[in-house]
Every structure is written in structure tokens, then in C-alpha cells.
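Next comes just one chain, in C-alpha cells: the form predicted on its own.
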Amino acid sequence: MIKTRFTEMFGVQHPIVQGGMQWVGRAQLVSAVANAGALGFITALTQPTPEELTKEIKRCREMTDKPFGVNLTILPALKPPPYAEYRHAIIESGIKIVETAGYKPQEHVDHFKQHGIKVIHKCTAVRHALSAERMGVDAISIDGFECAGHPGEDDIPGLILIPCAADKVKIPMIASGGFGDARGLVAALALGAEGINMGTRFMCTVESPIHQKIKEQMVATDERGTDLIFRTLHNTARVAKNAVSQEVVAIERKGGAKIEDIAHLVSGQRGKVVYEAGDPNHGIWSAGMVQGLIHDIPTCKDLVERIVREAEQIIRARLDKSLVA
């Protein structure tokens, strides 16, 4: 058993987190993660309305009696979602753990804290982690350049970012981006984190609510199977490399690209169809470099138990024996 400040603070058995993932963070996956002793998050904005989020939380509770949370990602938009209504749904549903991410979360953090909810804020830079700490969050999830989704604009990989953050952040910190096995967990602990966040790895499990062909695609892909898009728009995103992402990259390389030039390619609805229909080239979908470490499609229980068991073996067999009196 590996206990850390994180497991004690959030009441989970293992220092492993399944963070929010658009179209993926649904009750069937989150409950399986929770039942495995890790901490899973329902993705609030995957649900089309706050009312549907309330139903999804209820559905998750019917499948697990273990702790789980809800992710609320705040992004700048011309017509933002009704965040206050989503917050209300989370609070009224009795959720005790929230993962925030994105743009200026202070209002959301304050509201959740007023109702006794623990908040983990996900960020991509030490300065942002320190800002969130000052806002009063309970823990940080620090996302390295290897991650799926938005790695920020600093391009700092986890091997540097995690210990740099650990040197300055006082509250518990989860390492995110590029984690998928026991070696990553042991490395994260050594670098100063209190556990790991896995997104892409949990996508490739039996309970993940995406098409089997997409899971098989991730198993077949190596660590080179991603593209960075939106670089020229200063909103970098790491996505699975496919025909659509390559077209976006080509347009951006020509220079002067605007969002209007690529909007038809990067539509979230097209990405949703990828997961539902199993066509990996239908649209943009998120995946990290950790694909190179994914070789099977286990249940969440088997995955979590394997990571913890092998991490304990590494600590005992490799690290303890390396010490010389």
C-alpha cells in the first residue's frame, strides 16, 4: 500500500487519479476507477446541461460507494456555458471533490470552498500552481508537456516541471502528463508529487466509454503518435495524429492561420463521433505521448492493482537494493 498526503486528504486507497476528459469522463468509467481504489472525475461539460450532469452523478453513485469527483473546466468563450448552473448542480448533488482547470477559477474555487468541497486545480506552469495555491485550492495537478489536451505554452516536460513545482508548492501535488505505469508512479513520487493523474491510459480500459477501435488504435500507436495543433494561435493542444490533425498542422505552417480557417476541422462534435463510431480519422481527439507505454486494454481494477503492485516491487527490489551502507 502506498499512502501519501493525497490519499489521506481525499480518502482514496491509491495515489492514482483519472482526471476530467471531454466525452470520456462518464459514470461507467468513473465508478470503475473509484471501485478500483483510485479517484475518478466525471467531466461536467460532457453533459449537455446541468440537469443531465445531476443525472450522471446519480448514475455514478448507483455504481459505486467510493469517493469520486466532478471536473469543471473553465475556458474563455464568446458564449460560455452556464458555469454557475453547473456549479449549483455539483453542490446540490453532494459532491465533495472537484477538479478545476482552465481560465481564472477564483469565482468557482470560492463557491466550492464555501460548501466544504475540496478542490484540485489542474495547471501547466509553476506560476499558475502558486496562483491556485493562493486562491485556496487543496491540491494541484501539474500537467507536463507530454500530456494530452492543452500543455500550455512553456513546453516544459514533467521531468523538470514536477520537481520545480514541488520546490515551491506546499499543498499536495499530483503529477500529470505521460503517466501510464508503475515506473511513472515511482518516478512521480521521487520527483516530489503525491500521486499521478492518468487520462490517456484510462481511456484504454474495458470500462472506458469509447469505441473499441479507438482503444485498439492507441495500443497500436507509439510515442510519436501525436500532433501539436493551435501552436500559432497560442492555445497549443496535443491530439492523436491522424489525417485531420495533419491537415490542421499544414494550414498553420503556412502562416497567418485564424481559428476560422480550421474551425470546420477541429469541431468538438467531430471528435465526439470518433469515440462513438470508432473512425480515428473523422476528427480531432485527444491522446498523449503515453500511448507508447500502452500495450493492453485491462479493466480499471486490473490496471490500478498492477500499477500499485509493480510500484511497490520497484521500490523494494530496485531502490532499496541500490542503497549502499
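Remember, it's a predicted structure, so these values are computed and weren't measured experimentally. Sequential numbering from 1, following the sequence displayed.
Another form exists, predicted in complex with a small molecule; not displayed. Remarks below refer to it.
In summary, among the residues Met289, Ala32, Leu45, Cys60, the only one with a non-hydrogen atom within 4.5 Å of the small molecule in the model of the complex is Leu45. Pro81 is the sole member of Pro81, Pro157, Gly225, Gly136 with a non-hydrogen atom lying within 4.5 angstroms of the small molecule in the model of the complex. The small molecule in the model of the complex comes within 4.5 Å of no heavy atom belonging to Ala27. In the model of the complex, no heavy atom of Leu189 sits within 4.5 Å of the small molecule. Contact annotation: His150 falls within 4.5 Å of the small molecule in the model of the complex, judged by heavy atom distances. Under a 4.5 angstroms non-hydrogen atom cutoff, the small molecule in the model of the complex lacks Thr221 among its neighbouring residues. Heavy atoms within 4.5 Å of the small molecule in the model of the complex belong, among the stretches 81-89, 166-174, 205-213, 181-189, to residues of 81-89.
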